[in-house]
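First, one chain by itself: the form predicted on its own, in structure tokens.
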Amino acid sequence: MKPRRILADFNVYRREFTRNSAALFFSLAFPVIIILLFGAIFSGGSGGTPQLYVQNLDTGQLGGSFTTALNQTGALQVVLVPSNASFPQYLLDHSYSAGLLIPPTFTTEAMAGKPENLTIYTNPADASSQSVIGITSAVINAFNLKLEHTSPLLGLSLKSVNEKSPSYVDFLIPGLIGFSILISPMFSMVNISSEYKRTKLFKQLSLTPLTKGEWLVSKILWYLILSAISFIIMVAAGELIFHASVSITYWVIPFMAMGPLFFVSLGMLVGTVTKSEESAGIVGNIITFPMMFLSGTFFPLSVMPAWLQGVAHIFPLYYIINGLTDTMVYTNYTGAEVDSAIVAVLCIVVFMAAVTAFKWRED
């Protein structure tokens, strides 16, 4: 590959793209509009059975009974956390939204007729948090009646999973960054590759010194820059308008680099293997729209039914958004490392498939 030829093709495509007002709108302005709309009107929703992570430090029997009662409601999926773990940090490290801490003195204080509080850690941006609080409070009320004391002994204190109390917009920003990484490269490359085949422009390019790899790399380079600009705009809009608070670390870089690489390659592959512009558009939409709405782009996965949460794991965009959320909201770098490894493997596979299927001339 010759850098000079890559740069020349990059400049040609840059001028073509920036002269297209519709492409610029959907790449840079549309995600900001989505932030404004969803940040202003989003009010949560109902989903599958919420998960509640419980750390029972109680040395008596009441803590175990309380955990069993929570599980038996059928409205919560109780997951036990090791007693030797630092509970708030454990929730952050595993990107969990809600957790209940049962203190060591739970049984002894209650049996002695002394008030005792359970601590529940919630995520204000997760729509299931209010359900978790309501169900836990109901079980506490039932235990207070069972203890037959003149005044309620058991109470509930609320804390945020994260000290900075993440808002809905904090979680919306990584989702919309993933959205911009998906939409612009995917649709553009599907359209370009199918149109260039129809107009025989690929055949004309085959008569130039430009190689297939150089042509594809120049497009990847352009969408890397465009994604970086979109990233800056969305983070700035979220922080300036809605006072979002997200962490920007070097762990953002792998997802911002591999995301455009993956979707440029995937768009090129779809446009190459389909026979016409119409069929390329249909296949592109079939791939893009389920991925867009089921990968946690606009709504937390926790508000979806459990079976849909499982479906989300088949989409590459899920791992990009989940990785960005882990590093920007939860500072869960272990989770981000796993997600980035998965995206890296997918990038290699799809890029190689795109290069192999891409031909200057039709057979």
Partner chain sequence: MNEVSSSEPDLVIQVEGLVKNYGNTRAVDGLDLAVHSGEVFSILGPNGAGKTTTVEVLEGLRKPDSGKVSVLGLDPWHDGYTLHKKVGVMPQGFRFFDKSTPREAISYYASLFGTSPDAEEILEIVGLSDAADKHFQDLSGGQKQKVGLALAMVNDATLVFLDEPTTGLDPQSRRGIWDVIRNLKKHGSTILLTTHYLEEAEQLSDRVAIMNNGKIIVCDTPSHLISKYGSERKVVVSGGSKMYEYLKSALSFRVEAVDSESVQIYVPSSTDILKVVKAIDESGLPYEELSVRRDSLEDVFIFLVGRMKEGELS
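Residue numbers count along the first chain shown, from 1. None of these values were measured; they are calculated from a predicted model.
There is another form of the same protein, the form predicted together with its partner chain; it is not shown, and what comes next is about it.
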Candidate site Thr199, Thr211 and Arg361: all three near its partner chain in the predicted complex by heavy atom within 4.5 Å = yes
If we test each of Ser206, Gln77, Ser83, Ser276 for a heavy atom within 4.5 Å of its partner chain in the predicted complex, the one that passes is Ser206
Does its partner chain get within 4.5 angstroms of any non-hydrogen atom of Val12 in the predicted complex?
-> yes
